[in-house]
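This document opens with one chain alone, in C-alpha cells, the form predicted alone.
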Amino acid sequence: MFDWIIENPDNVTEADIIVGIPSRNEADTIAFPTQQASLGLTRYFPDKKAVIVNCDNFSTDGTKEAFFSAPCQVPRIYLSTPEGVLGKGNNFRNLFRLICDLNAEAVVVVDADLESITPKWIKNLGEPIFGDYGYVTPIYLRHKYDGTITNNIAYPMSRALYGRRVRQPIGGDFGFSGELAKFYLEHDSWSEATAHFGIDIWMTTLAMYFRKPITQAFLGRPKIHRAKDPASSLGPMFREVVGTLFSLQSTLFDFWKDVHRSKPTAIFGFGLGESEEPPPVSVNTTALFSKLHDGYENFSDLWREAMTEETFSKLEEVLAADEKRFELPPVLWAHILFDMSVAYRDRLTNTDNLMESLAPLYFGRTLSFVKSTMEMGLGQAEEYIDEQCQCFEREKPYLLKRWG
C-alpha cells in the first residue's frame, strides 16, 4: 500500500460526516462542488462534525489550491496519492483509510466536474446513512444518450446478476456508511481495474453483497458534467468498468447464482415535478456502425471462439444489414455479454484483448439503442431501458447454463 500525502490545516481528528471529492487535474471545476458541499453540510447537518476531503491524484494544475481557495465554512483536508500513482480507485482507497481514521459515520462522494450540484444533493445522499441505510446511489435526469455504458451494460448486468434495481451503479455520486468503508478496505477483490475507473461498479456491487439496506437518492436536477458522444474513443474506462464487473461476477458466483428476479430499490427524496431538460448529447451513428464492422474484421475469430455457435451465427446475420436496417436486439446483446463474461472467467485471451474485442460490440448495441429510442422522450426511453433489463433477467438461465 502506498503512502498518502495529507494536508490537514484544521487538524481534524474526528468527523461524523465526510464529503469526498475525487480529482485529477480539476482546478477549473472543483471550487463549485466544494462550495455546494459546504452549503449542504452547514444547512442540513449543522449538529454534525463535518469535513470536506479532496482525494486527489497529485494534480499539477493547481487543483489543491483551487480546493482550498473555494468559499467554504467547514474544515477541509487535502489527500493525495504519491506522484505517479494514478487512478480514481486509488483516491477512494485513501478516502476509505481516512474515514476509518476519523471514525466517520456517513460519507458522501461527488464528482469534481459537477456543474449541477446543489446543497440538497448532500442532504439526499447523506441523510439516509444516518437512518441506517448502508449505501445510497443517485437518481437524476440524464439525457438518454448520456451514460450508455450504464444503460446497456452496468445496469442490466448488475440487475440480472444480483437482483437489485440500482439505476445508476456507476453514477459517480454516492453516499455510504463508515462501516461499509471498513468493509471495502478489507475486501480481497481489489484489482488494478478497481484502482482506476472500476471503482464505482466495485463499490455498488459489494454494497449489494454487504446486505445492508440500499436506497436511491432523487437529486432532481439533471446531471451536468463533461458528457461525451458515445461514439468517441472509450479509453481505459470501458475495460476497467466492464473488467471489474466480470471479475466480481466470478468472485461472487455463490451470491448471484440463486437470484431469479430483481427487486425495486427504495427512492429517498422522490420528486416528479422536475421539468428541466438535461443538456443534449450528440451521437455519430455512422461512426458507431463503422467501429462495429472494423471490430468484426479484427476480432471475428475471437468472437466465434467466445460465443456459442447460435449466438455468433445470429450476430453475423445482424452484421449483414446496412446501417439503415441495422438492429442488435436486447436478447442477442444479453447472450453476447453473458458469453463474453464466461470467456473472461476462463481467460480465453488476456483480459485487455477481450475488452478491446467487446468494445465494437458495445458500439453496435449503442447504435441499436439510439435507433430504437430516437423518437422517444426521456420517459419512453427509460421504459425501453427497463424492458432491456427485464430481458436480461429472463435470459439468466442461459448464463447459468454457460457458467456451469
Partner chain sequence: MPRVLIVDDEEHIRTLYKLELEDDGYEVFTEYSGLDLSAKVARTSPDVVVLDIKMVDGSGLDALQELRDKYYDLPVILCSAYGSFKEDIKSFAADYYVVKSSDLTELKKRIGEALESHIPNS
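Numbering follows the first chain given and starts at 1. Computed from a predicted structure; not experimentally measured.
What follows is about the form predicted in complex with its partner chain, which we do not show.
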property	result
4.5 Å heavy atom contact, residue 321 and its partner chain in the model of the complex	no
4.5 Å heavy atom contact, residue 390 to its partner chain in the model of the complex	yes
Its partner chain contact in the model of the complex: residue 139, any heavy atom under 4.5 Å	yes
Proximity of residue 262 to its partner chain in the model of the complex, heavy atoms at 4.5 Å	yes
Answer range among 76-84, 241-249, 184-192, 162-170 for contact with its partner chain, defined in the model of the complex as heavy atoms within 4.5 Å	162-170
Answer option from 283, 153, 214, 102, heavy atom within 4.5 Å of its partner chain in the model of the complex	214
The single option of 312, 255, 296, 130 touching its partner chain in the model of the complex, heavy atom within 4.5 Å	255
Contacts with its partner chain in the model of the complex, stretch 376-404 (heavy atom within 4.5 Å)	379, 380, 382, 383, 390
